Every structure is written in structure tokens, then in C-alpha cells.
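The form predicted alone is given below as one chain in C-alpha cells.
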């Protein structure tokens, strides 16, 4: 049965809000009481005087505006690798770019800019891997809304020399018009995550081709600025994709506790799913989690990520019609002897109504407007991912980073890969290639 918004009793909704508020207050008190533990990767919250005495340098970054939430999470992993390389010869801190104004965050009348990472992820967990600070902490530490140097990453205008790919980086004239403009005082203005008062002292372009840490020598030896921002940071590659460094950073990206509490409550209420019964026990300290693949059983439901909207025309060949998706879902339910299916989808209202008619077993997380205002579209997406990550079996959408992140979450939790790396085939595909299993490395 589809769980509709009105299905949740009022007292349950009120109780949930109180639980979220209590959790947030408790988390803030806990963070305040254990500052030493919060910065195991190196002190990153400093007073302005302390920052100056330490000669700390700040690495900021941004991503091409059209890129979505889950690709941006991937770019964070690349920047974490770069920061680790930089810290071998200097005291660098990564500044987390606030969230907001993303293409997929289309809920009307919800303020979704200048969102700190702490609303979606555990900052303490991130800091157990590398020193990070929120943007507003950077403003306080650095003495004002100024970024010393912006480096806009771009490809080489001439492409690969003689058709040969090699790692290289050079300061070059900008190929495209800068997304920044100079004001009357000579400062660079632009989109700084909704902070209109922020400006940069200088902005230039770098042609870059290679892995993220390739940038380290230039940042260390040729750039003297205290704060450096890399724009279009998705242009550089992972240093060691799917290696230990990758997985250490990915494991540190623990979802904010209040979002996990809401998702776990939903699982227990509507999907008969608890960590104890599902054998998905979780440790708040990600460094202590080392689950053997196949150790987690998962809840008694099928998890589905069904991407629609731009994927319908952008990936026509490997995205099924609603009829084709429902046929596959029913086949899996019968094969796995399950009766419930949790669906995470960006389908519009018309398609969603059709899906509910064709799939009466469907369960969805549908927040009220008040909950959405509190959680934001990003928080709802995380709740969907956390619920899918705990399913007995998961099937996602081809080449979707939303599905990729669920694969990784299930890998961390210790699910059998056969229950994780699955995707829908297009209606005209037969025996389509399934996602690659990137095995976790500890």
C-alpha cells in the first residue's frame, strides 16, 4: 500500500519533530563538549589570532552550477585527496562550500541557499579524516568576506598534444568568459553560495589535465595566497579511485544524525525494518566500522531508485518506461518473496499518479511542507538513500550518481554485492550490463 502524507497520524508527526529537535540540540551540546575529539584529523576551528600564528592556509572549491547533489559529493572526495597531499608540506584546511540553488532542488517556497554541510553530514565524522570547516567559520577565522585567489579550472584549448594524454597544469588565458565580474573597487564578484558580501581579490584560469593532487605543487610553490578557491573543481580526477584513500573519505561522509533518525523511524513504522532484525548494526564512529560483505541481511522490502525527468530523454536507451519498471519490480518481489517496495523517484505528479495505480505495493517517504522546510530537498534525498541502503535488495538507475551513492552506502554496511549492484534495463535492452562492483578497501 502506498503511504500517503495523510497516513501518518498527527501525534506521530509531532513526536518526530520533537525527536529531530532534541537530536539537533543534543548533537550541538555534544560537539561543544568534545572539541578535542571533533578535530582528530588536526585542529581546524581556530580564532583569527590562532589561525595567523599557525600560518594556516585555506582551500575552497566550487563545482559547475548544473551539477547535482551526488556528483558534488564525489568532488568532495577529490578535494580531500588534494588536501591530504597539501598537508604533507603545509597547514591546509578545506572550507566546505555551502549547499544551495541546485537544479534538482525544485520545491517551491523553500529557502535553499547558504545551507551548511552540518545540515546533511556529520562534521565530526568528516574531521576524523581531514580538517574541514564550514564557510561561515572561514569568514570568522580569515577576518572578513574575502577570498585571496580564485583559480578557474579548464581544459586545454588545443586538447591532447599529438593525441597523447599527460598530466599537466598551466596558467592560461580563460577559454570562456569568467563567471566573475570586477566591481568599482577592483574586487571580483560572483556566485559565492549566496553570500553576496563575499568578493575575491584575484581570479585567473588554469588549464588542468590530470588527478587532483597534481595541483599541489602549484598551490604550494607558485601561489602565495592564504585562501585559494578552485572553481570547476570537477575538472580534475580522483587520485586513487576506489582505493583506500577514496574509501576513507567516502566512509567519513556520514549522514547527519537527525536525518538517519527520521529514516530509521520510517523504516520501523512502515517497512517492519530495524537494525537489529536486519543485521545492519551501525557505529557512530565510522573508523570502527568494518563490516564483512554479506553480513547484513536488510529489511523485508525491495529498495528502488527510479530516475525520471531529464533521464527520460538524456538516457532513453537504458531507462525503462514506467510499465517496464513496474514489470521488473513485480518480478523481483516474486523472486525475493517480498511484499513491500520502497521507491525513491523524481517522477513528476502525473507520472507518480500512474506509478501508484500500477504499483499499489509502493511505499514512499513524503514529507509535509513543514518537514520539507526543515529538512530541505537535500535532506529528503538523504532519507531516501538511507532507506534504500537498508533494503533486502536494491535496484537503481543506470549511470545515476544517486544510485552510485546507495551502492557505496550498502558496501559500507556490509551487504552482499549481488543484492546491491543492480539496475533497470531499458525496454529494448536484453540482459543489460549491470553496475561495476567497487569493493571497499580498509
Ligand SMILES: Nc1nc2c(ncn2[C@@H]2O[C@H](COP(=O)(O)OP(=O)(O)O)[C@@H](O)[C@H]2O)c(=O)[nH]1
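Quick caveat: nothing in here was measured; it's all calculated off a predicted structure. Residue numbers count along the first chain shown, from 1.
The discussion below concerns the form predicted together with the named molecule, not included here.
- Only one listed stretch (70-78, 354-362, 215-223, 245-253) carries heavy atoms within 4.5 Å of the named molecule in the predicted bound form, and that stretch is 70-78.
- Interface residue among 231, 346, 371, 239 relative to the named molecule in the predicted bound form, by the heavy atom within 4.5 Å criterion: 346.
- Between the options 381, 389, 395, 60, the residue in contact with the named molecule in the predicted bound form by a heavy atom within 4.5 angstroms is 381.
- Of the heavy atoms in residue 104, some are within 4.5 Å of the named molecule in the predicted bound form.
- When the named molecule is considered in the predicted bound form, residue 401 lines it closely, a heavy atom lying within 4.5 Å.
- Remark: residue 307 counts among the residues lining the named molecule in the predicted bound form, judged by a heavy atom distance of 4.5 Å or less.
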